[in-house]
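Okay, so here's just one chain, in C-alpha cells, the form predicted on its own.
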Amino acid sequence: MDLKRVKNDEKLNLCRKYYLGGFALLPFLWFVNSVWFFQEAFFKPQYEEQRQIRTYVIRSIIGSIIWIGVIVTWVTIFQLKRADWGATADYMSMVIPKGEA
C-alpha cells in the first residue's frame, strides 16, 4: 500500500488498528507499525491526524523493544539452563529425531 495515496484519516485508522493488533500477542504488528508510519509521524508536513499517529508510533516502538527484550531474555535463559531443567525443558522443546539411514 502506498501511503501517499491514502487520506490522512485512513492513515490514522490503519495505524490505530496495527497498534491495537499488537496487544493481541502479535508484537510484530508493532514493529511493522513503527517502520511503516515512522516517516509519516516525524518527517511529513504537519496535519491534524499526525499527532495521534506519532503517539501510536512511539508506543509501538516501545512495545516492540519490550517484546524483543522479553524474547531475547527467555531464549538466553532457556539455552543456558535447558540441561539443568531436565525433563521439564524437554517437554518445552521440540526435537525431531533423525532416525537411522
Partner chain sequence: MNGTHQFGCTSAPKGNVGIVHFIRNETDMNWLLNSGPHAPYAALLNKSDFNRATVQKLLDSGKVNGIMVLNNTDQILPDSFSPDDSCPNQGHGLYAKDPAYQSCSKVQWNQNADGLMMMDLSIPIFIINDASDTKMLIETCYEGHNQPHADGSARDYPLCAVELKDRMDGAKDSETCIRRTRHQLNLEPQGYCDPLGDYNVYGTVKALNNTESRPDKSVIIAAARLDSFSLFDGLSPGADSAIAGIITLLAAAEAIGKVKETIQAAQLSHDIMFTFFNGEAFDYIGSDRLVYDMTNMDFPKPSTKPYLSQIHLNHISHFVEVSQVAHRDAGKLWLHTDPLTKDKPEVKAQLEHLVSLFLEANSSLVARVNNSNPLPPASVQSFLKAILNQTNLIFPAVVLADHETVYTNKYYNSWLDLRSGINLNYTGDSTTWYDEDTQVATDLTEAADMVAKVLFKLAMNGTLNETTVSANKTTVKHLLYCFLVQANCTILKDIFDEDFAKNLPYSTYPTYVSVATSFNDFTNVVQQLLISFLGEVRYNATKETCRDNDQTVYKYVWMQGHEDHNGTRNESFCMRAAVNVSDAASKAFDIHDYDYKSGQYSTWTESRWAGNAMSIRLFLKPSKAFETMVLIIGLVILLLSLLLSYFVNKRVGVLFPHVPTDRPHVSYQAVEESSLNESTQL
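Residue numbers count along the first chain shown, from 1. Model, not experiment: these values are computed from the prediction.
Omitted here: the form predicted together with its partner chain. The next part is about that form.
In the predicted bound form, its partner chain lies farther than 4.5 Å from every heavy atom of Q79. In the predicted bound form, its partner chain lies within 4.5 Å of some heavy atom of Y91. In the predicted bound form, its partner chain sits beyond 4.5 Å of every heavy atom of L25. Proximity of L20 to its partner chain in the predicted bound form falls outside the 4.5 Å heavy atom cutoff. Heavy atoms closer than or equal to 4.5 Å to its partner chain in the predicted bound form belong, across 80-98, to the residues R82, A83, G86, A87, D90, Y91, S93, M94, V95, I96, P97, K98, ordered by sequence position.
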